[in-house]
Structure formats: C-alpha cells, structure tokens
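For reference, the chain that follows is the form predicted on its own, supplied as structure tokens.
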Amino acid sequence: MPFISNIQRQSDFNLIDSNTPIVIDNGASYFRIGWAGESEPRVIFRNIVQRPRHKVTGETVTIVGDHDPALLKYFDCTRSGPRSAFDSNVVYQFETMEYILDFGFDRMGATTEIDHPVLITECVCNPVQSRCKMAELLFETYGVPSIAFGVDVAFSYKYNQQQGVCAKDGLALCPGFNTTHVIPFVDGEPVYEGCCRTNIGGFHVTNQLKQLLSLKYPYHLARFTWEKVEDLKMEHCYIAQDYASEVRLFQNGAMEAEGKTRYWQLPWVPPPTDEPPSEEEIARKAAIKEKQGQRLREMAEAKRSSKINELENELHGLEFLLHQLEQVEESEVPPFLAETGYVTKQEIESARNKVMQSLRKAKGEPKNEQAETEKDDLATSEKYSLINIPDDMLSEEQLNEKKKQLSLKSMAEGRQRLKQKRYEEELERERKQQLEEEKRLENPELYLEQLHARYKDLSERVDQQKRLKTNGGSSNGNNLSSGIGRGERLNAAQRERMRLLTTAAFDRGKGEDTFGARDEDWQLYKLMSKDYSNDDDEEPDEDEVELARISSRLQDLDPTFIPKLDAGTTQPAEVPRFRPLTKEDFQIVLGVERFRCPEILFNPNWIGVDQVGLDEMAGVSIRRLPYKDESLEERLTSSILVTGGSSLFPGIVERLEAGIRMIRPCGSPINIVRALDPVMDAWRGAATFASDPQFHMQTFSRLDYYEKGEDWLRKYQLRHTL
C-alpha cells in the first residue's frame, strides 16, 4: 500500500460526505477499515497491541499492529507480549480494543469525533454483552452517530453470490483464525438456527507447526518467531487427501516424498579456512617476537641492576653498622642496638650473610659448596647444641630441651632421607624412560609388540591375583571357587585379627564380663589397629602400577589400543566429538509437518479439542435446520462456499468434498467452491452493503441508544436483503 501522509489522510477524511459509512472488518487476526463503496480498505494491520518499555528512558509506549523489528530493538519486550482483544472470536478486552480503534481512526485521518455511520463485523451469535460494550465504546468515546453490526461470513457469502460464485441456497464454511463457522443460507438469507462452530482455526495450525519445529530444531528457537512460522504455514502447508497414505509415503522414504519436502535455509557463514601463513608473515611474526624478547630482556636486566644496587647498599649499611658496633663499649651495646632495631650482634651478622648470599645469586656467581656445607654444619651445631653434651652435665630443663632437639633432628634427617630417596627414584625413572625411548626409536614395531606382550602378561597376572584374593588359593579348572572356608581366604593380617577377636569373645564368655577393667585389655585394640588397620586399604601392587604405566604408554603410541576394564566396571561413555557446523545444520526441513499441522482442522481431537472436524460440521449444520426438506438439503450441498484465511490451504476443497460425500446419501450433488478472495471478501461485502441508500434504515442510532438503552440491542438483527 503506498505511503500516505497525515495531511493527505485528514484532507480525504474531511472531503468525504458525512453520510458515507465507515466499514470495519474486526477480525481476530487482522483489522481492516475503509469507506463504503470502495473496493479496498484504506488501512490493514494486525489486531494486536503491545506495550514495551524503552531500554534507555524506561518509558512505556503503545505499539498497535505489526511491529517493525528495526524499531522494536530499542524496547524491552520481555515483560509485554502481543495482546489481543479477542477470546476465541469474541471481543472481551475493550481497553485493548480502544487502542486498536484509535489507531484505525487516526490512520483514516480523523482528528475529532467520528461523524460517519459505522458498520462493524462480528462473529456468529455474538454475545449481547460484547455487542453492548462495543456500542458503548463507539457512541460515548468516538461520538459515532449510528452503528450497524453484521456477520463477516454472511457478508463474504453475499458478495460471492453477487459475483455469481455461489447460489442463494448454500452453505458457508469459514475456517477463521480462532474458530471455524458453518452457516446455511436459504433464499439468500442466513439461517442462524442451523449454524455450527468449532474452536479450531489458523491460530492453532500455526501454534502446532511452531511446536513441532521447536522440538525438531531446539537450537534454532530464536528463528521460529510467530510471524515467520505464519509465513511458512501459508507458503508450504497443504491438506492431504488421505492422511494415512501420505504418512506412509514419507515413512517409506519414497521419491515422491522427497519431491514434497521443502527446505528453509537459515543464514549461515562458512568458517574461515586455516591457510598456512606466508613466508613474509612468518618473518614478520618472528621479528615481532624477537623485538618483544629483546624488550623483556632489557626490562629484566634493568630490574636485576636495580636489585643489585639495593643489595649492595644494604650490605654496606650492615657492614658499617658492624664496624660501629666494634667501637662501642660493652655497656653501651644494648642502647646502641635498640636504636638500630636489632637485638644481638649475631642477628646483624646473619642478616649480612643473607644479603651477601642474595647478592651473589643476583650477580650469578657460583656457589661455594664447601663453604655452604660448613655453614650448614655450623648452623646445625648451633641449632642442636645440647645433643653431644652428656646427660649428667645438664639440668632438668636442659634434658627436656635435649630430648626435643633429638626428636627434631631425627625428623629432619628422615625428611632429608625421604627427599633423597625420591630424588634417586626420579633419576631412575628418567633413566628407564630414556632407555625405552631409545629402544622405540631403534625399532618402533618391535617395541610396540613387546609392550603389548608385556601388557598381556601383567593383565593376566593381576587378574589371577584378584581371583586369589576373592576365592582363596584353590580353584577348579573352570576358575570357580571350590568351597574354601572363610579362614582359608584370609591373609595373615586378617587371620591375626580374627584370632584376637575370638580370644576376647572367649574370655568374655567365662562368667562375668570384666573385659576392659585392666589396662592390659586395651592393648588388644592397639594390636588390632597397629599393624592390621590398613590391610583393606593396601597400597597398589607393583604389577598394577606397572600395568597402568604400560596401558598409558600404549594409549599414547597405539590409537587402536583399548585398555581392559576391571571386573564389575562398565564401558565409559564415548566422549562426544565436536565437529564444525555445516550448511545442513542451518537448514530447516519441512516434511510431514506440511500436512500434519493443517490436519487438525479435520481432527481437532489431536490437540485435545473434543469437537467435530470441518467436513462433519456441514452435516451437523444441515441437521440443525428448523425444517426438513431433502430438496433443500441437496440445494445446500450443491453450493458450498469456503471462505476465511485458513481456506487458502491447497487441497482443502478436494478433501472437504471427499469428507462431505461420506456423510451424505449416495448420489447427492456436492459442489464446493472457494471464495474469490477468502481474506478480503468479508470487508468487500460489508462495503457493498453499506453503500446501498437503504443502509441507514438498518442502523442503530445514538438517539436509540440513549432512549432505549443497551437491552434494545438484543432484538437488533441486520437484514442482508436490501
């Protein structure tokens, strides 16, 4: 629709005669408004309202109709989704309806009260409460002089009847947005006593398609917006003539099913290929790296020089302090040291030695191992000064201190021995690894074969040891236990523990239980916990350690190697391997979804709606007619008009004809046609009806509203014959 400025709209609104009615097709999906007598409505927009907040200012704005994604990115829509004024096909949210009418009248060019009659459509058998509220809104808010209410399906049928598409006697089937209606027409007038409604429409088809695609492609949920799924539905969905055979066609993977499959390609950018860098790039990176290294070396050298200067200054200060201390008399030493912050002369010398050692380390001078050893021995002799003195020459306090020094010295020596042992073991391990690596480099195939043989022997040996621990020392030829007692299966530590427990139990059984009265009794617990407490948590055997090492080595060298699992363990789950995303990962495949979603129009019970389908509604409507006439029923089935947005699905006419033929007598004439424009014919029919000069005789005026009240609307019925 071409862009029209506000000034042009206001000019058109003021130039049109005040007797020209405004025609409104108030559908649950779209709102259409225009002038009577015209072939197209002036304004069309989605019948929804949204009130998001601005992300910066926090101001709440009202957006009516279709939202522009470029505009809506500045607003926070997480707490305010699109809202409709309809519940099924009935208007019940009149605050939302007021926003929609304001927007529609504003786009028509109205600036003050509406001084034109209004013809507005409604659903079949619209509740009087909804009609009264709509009249109150139009009369008291907008100052409309008169209004008229008409059924959208009836307007569409009358318009197509005038165009020669259908006859005066017939059925109007309208699968709409929220509901589906069937209205019989006799002599050109609707018979509302025979109408039928089902709460299924295009909204449910779109919702079903959205759910199926979301379950099928959960990683593309953001792509499945309502507007996009609606477009996919109208572009790709169709009605299957035989649903079961169509499903089998896709289930068997026939070529015909491949031809009916549609693909929706999402935006996808191929990942950049890793090309090897050129020689210039390598040289440039090497130059940058060398430059950075040179800068780091200069920074390290400057830091080292600064540290050397600080240490030299500190060393000169300590030596000067010691030189002054030598010139001070002994009586003046404590006050002199109090001013320096040191307690004794030895503390100053110790600090000087540390600074000298740090200075040599900073300058990179080699260590004097002999001096270090002598210094360590001197420090040890100073630390453990009472060890070499006989006990008879020490006091009681010095004896306690000597015991403490002996304990500390033995612990320090033990740690030193353990450290030396670990160091030697690490050297031996490195030596063995170096020998193995040399063997592998000499003959890799032979080395791998020897590793496999070694792994097999160790694995069998470890399994045999585990069986012996579990079943005892004897087994039959089938590796099964041969009835060995519990005592024979225990090791030496466990048998000793069992003996101690048995002895204690035997002693307690002799008369009075006095176990624990003597200190000797508690030695039993010490014996049980001293040497046998860790028998269940023994350290791993050397064979098991070697087996684990060889297994790790084989996994590194042989990609086909699979380590053997212990008994009772299960195979670990394979770690998923991530692959780069391809174009097919961003491709939405529409197969059975194309006809599975529209099928709910004929089988509403698939989504929990216990009502009849579209084909059965025709039979229900014919049976509800107040008079029975076989010739009339044949005339009705001879002119069935399908209108409404959901009638645009390909194949719906053929499917309806096959379904209605199943419920009608054999040989009954059945003729089903689609409306010229199922979406716009309701508005065009209403515009044609409102352009008739006698239309003003059927309106409900504002004077009638104030004199007769809302109850008079109960009796109001628009006659479609003028």
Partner chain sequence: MEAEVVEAELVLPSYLSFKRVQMYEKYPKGQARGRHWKHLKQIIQAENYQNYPPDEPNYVNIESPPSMHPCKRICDITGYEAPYHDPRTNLRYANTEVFKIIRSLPNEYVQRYLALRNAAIVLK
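All figures in this text were calculated on a predicted structure; none of them were measured in a lab. Residue numbers count along the first chain shown, from 1. The term rigid core refers to the maximal set of C-alpha atoms that superpose within 1.5 Å between the two forms.
Quick note: we don't show the form predicted together with the partner chain, though the next part is all about it.
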Under a 4.5 angstroms heavy atom criterion, identify the one residue in I663, I670, A658, V673 near the partner chain in the predicted complex.
I663
Tell me, which of Y455, F649, Y99, F203 has a heavy atom within 4.5 angstroms of the partner chain in the predicted complex?
Y99
Would the partner chain in the predicted complex be within 4.5 angstroms of a non-hydrogen atom of every residue among F586, Y627 and T688?
no
Counting only heavy atoms and a 4.5 Å cutoff, which of 435-443, 415-423, 188-196, 344-352 contacts the partner chain in the predicted complex?
188-196
Can you tell me whether E59 touches the partner chain? I mean in the predicted complex, with a 4.5 angstroms heavy atom cut-off.
yes
Any non-hydrogen atom of E95 within 4.5 angstroms of the partner chain in the predicted complex
yes
In the predicted complex, is there a heavy atom of the partner chain that lies within 4.5 Å of any heavy atom of K233, even though the partner is absent here?
no
Applying a 4.5 Å heavy atom distance criterion, does L71 contact the partner chain in the predicted complex?
yes
If you apply a 4.5 angstroms heavy atom cut-off, which residues in 117-147 are near the partner chain in the predicted complex?
C123, V124, C125, P127, V128, Q129, L137, F139, E140, T141, Y142, G143
Yes/no, T57 Cα shift of 2 Å or more between this form and the one not shown with rigid core fixed:
yes
